[in-house]
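Here's a solo chain for you in structure tokens, the form predicted on its own.
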Amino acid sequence: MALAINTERRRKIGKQIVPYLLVLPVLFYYIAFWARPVVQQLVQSFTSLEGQFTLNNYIMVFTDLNFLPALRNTSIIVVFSVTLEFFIALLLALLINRKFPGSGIFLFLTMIPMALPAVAVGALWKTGLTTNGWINSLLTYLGILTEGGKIYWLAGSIWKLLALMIIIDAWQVIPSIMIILLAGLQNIPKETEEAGYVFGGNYFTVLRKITLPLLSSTIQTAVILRLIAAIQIWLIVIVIVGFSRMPVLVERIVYYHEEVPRLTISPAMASGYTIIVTIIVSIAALAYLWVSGAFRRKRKEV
């Protein structure tokens, strides 16, 4: 009897340990390639040139003339880009999920921008937005612009550039959000939605009271991933408008790390910006989880 109890106990302990053993490789990966560099940057951000503890690195970052514009520009891109991309991606996912004739071809065409790397997207739109680029040429060919007429896309205020960055970023990112939402929609049992129609609901009622609540965990995943990526936007900005013209937070890191690495303050500025971006990303993700009720749902499950 005692032997049977011990065997059952070992079996239960084994079942409890196995998930942690499976996660160990990922844990080691993050420690080696994420936690270690982050800790190094954290230590460096509080270290002076003489190797002493200092807060001067952060003071330099906060008093940098480009810090507040970079924070403002990043915030605007995050708010408008994530909102625009989510609603358009949800609309496209709902449309493709209806499986109309040609929906497969439509899905393939909408996924093309997702396959392009950010540097290729930047180069593509950079050639289009120049004075003699393909966008002005196309508009002239269609008769929208007069012969010799030009639109100076990259000239003008910072707000115009921000709008262009949001549109270009949305063009590339919407397909990836759409795929996540489409996968979630296809996992919803059809019988559940059909029951809503049987009980007198129309399409929008079923969507609001059945489909979207069942899709909430997928929406949460898609928005968090996009939120984190939007805060870290930089490559498209650099390719299209260059450094410092429309500063964003990660662009400042790259600027001090790659563009002016020989300046005495460059390592301190780069490490300071890195830690600030890390904190902002963490706060944004936690804030979204709190607002979406994920923590409250977890407490109820426990």
Partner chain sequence: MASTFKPLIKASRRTMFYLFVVSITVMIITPLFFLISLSFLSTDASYSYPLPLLPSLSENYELTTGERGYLLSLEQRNGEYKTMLDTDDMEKMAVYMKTRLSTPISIPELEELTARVDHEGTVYFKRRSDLLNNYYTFFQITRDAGPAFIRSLQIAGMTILISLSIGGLAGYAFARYTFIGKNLLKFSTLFVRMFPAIAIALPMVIILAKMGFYDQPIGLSLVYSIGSIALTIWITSSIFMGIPESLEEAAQVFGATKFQAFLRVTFPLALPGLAAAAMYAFLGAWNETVSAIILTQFNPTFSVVVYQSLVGATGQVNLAAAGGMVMAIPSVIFTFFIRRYIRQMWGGMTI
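None of the values given here were measured: they were computed from a predicted structure. Positions refer to the first chain, counted from 1. Basically, rigid core = biggest C-alpha set you can superpose within 1.5 Å across the two forms.
Just so it is clear, the following notes concern the form predicted in complex with the partner chain, a form of the same protein that is not shown.
When the partner chain is considered in the predicted bound form, residue 189 lies well away from it, no heavy atom lying within 4.5 Å. Residue contact check for residue 150: one or more of its heavy atoms lie within 4.5 Å of the partner chain in the predicted bound form. The closest non-hydrogen atom of residue 51 lies beyond 4.5 Å of the partner chain in the predicted bound form.
Contact check for residue 41: a heavy atom falls within 4.5 Å of the partner chain in the predicted bound form. A heavy atom within 4.5 Å of the partner chain in the predicted bound form is found for one listed residue only; from 199, 100, 203, 159, this is 100. In short, of 69-77, 190-198, 107-115, 203-211 it is 107-115 that has heavy atoms within 4.5 Å of the partner chain in the predicted bound form. The partner is not shown here, but in the predicted bound form the stretch 218-251 reaches within 4.5 angstroms of the partner chain through a heavy atom at 218, 221, 225, 228, 232, 234, 235, 238, 239, 243, 250. After superposition on the rigid core, the Cα atom of residue 68 is displaced by less than 2 Å between the shown form and the other one. With a cut-off of 2 Å and the rigid core superposed, residue 55 has a Cα displacement that falls short of the cut-off between the shown form and the other one. Core-superposed comparison between the shown form and the other one: the Cα of residue 209 travels less than 2 Å.
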